[in-house]
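Take a look at this single chain, the form predicted on its own, given in structure tokens.
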């Protein structure tokens, strides 16, 4: 059994769909932040069968973790202080997202102009978002994302 140490202060993003940890890692731009990060991929889970987990030591000031619901709305975000979980969040699919999803339509204005990639939630059940400029659809667990 793999054992990753207990966090004294930090964030644990749990119940990530298998293969989704790297998307969240990229979105949060964790490679450019001076914090220790443990990514556990394909871990056994009684609830999900298999899952990914991200453990971040320290704080992520100024980052809205609730927006992660657009990347995977079934995740759990645990805030750790003094070795204890002080808050647990289950982000929902936001109604609108800017610069989280990336429009795949090559004729969209976002492909040629420096405008935000803005999407609105159009099908909550299926997690479908649509570009506000061209109506191109995108899943809430995207193949392509933009960094914050």
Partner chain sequence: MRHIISPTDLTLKELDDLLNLAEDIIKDPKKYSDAYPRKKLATLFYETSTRTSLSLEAAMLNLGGSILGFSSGDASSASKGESVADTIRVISSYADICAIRHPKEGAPYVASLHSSIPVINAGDGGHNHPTQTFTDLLTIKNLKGRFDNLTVGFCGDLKFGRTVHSLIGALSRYNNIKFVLISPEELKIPSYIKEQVLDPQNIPYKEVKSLESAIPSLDILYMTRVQKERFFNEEDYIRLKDTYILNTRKMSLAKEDMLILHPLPRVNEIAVEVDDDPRAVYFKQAQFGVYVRMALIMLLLGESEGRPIC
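Residue numbers count along the first chain shown, from 1. Each form is matched to the other, and the largest set of C-alpha atoms that superpose within 1.5 Å is called the rigid core. Because the structure is a prediction, the values reported are computed rather than measured.
The following text describes the form predicted together with the partner chain, which does not appear among the structures shown.
Contact check for residue 113: a heavy atom falls within 4.5 Å of the partner chain in the predicted bound form. Within 4.5 Å of some heavy atom of the partner chain in the predicted bound form lies at least one heavy atom of residue 130.
The partner chain is not drawn, but in the predicted bound form it has no heavy atom within 4.5 Å of residue 63. The closest non-hydrogen atom of residue 49 lies beyond 4.5 Å of the partner chain in the predicted bound form. Between 40-48, 83-91, 63-71, 98-106, the stretch whose residues reach within 4.5 angstroms of the partner chain in the predicted bound form through a non-hydrogen atom is 98-106. Taking a 4.5 Å heavy atom cutoff to the partner chain in the predicted bound form, the contact residue among 12, 22, 134, 18 is 134. Once you line up the core between the shown form and the other one, the Cα of residue 83 stays within less than 2 Å of where it was. For residue 70, a C-alpha deviation below 2 angstroms is recorded between the shown form and the other one after rigid-core alignment. Once both forms are fitted on their rigid core, the CA atom of residue 12 lies less than 2 Å apart between the shown form and the other one.
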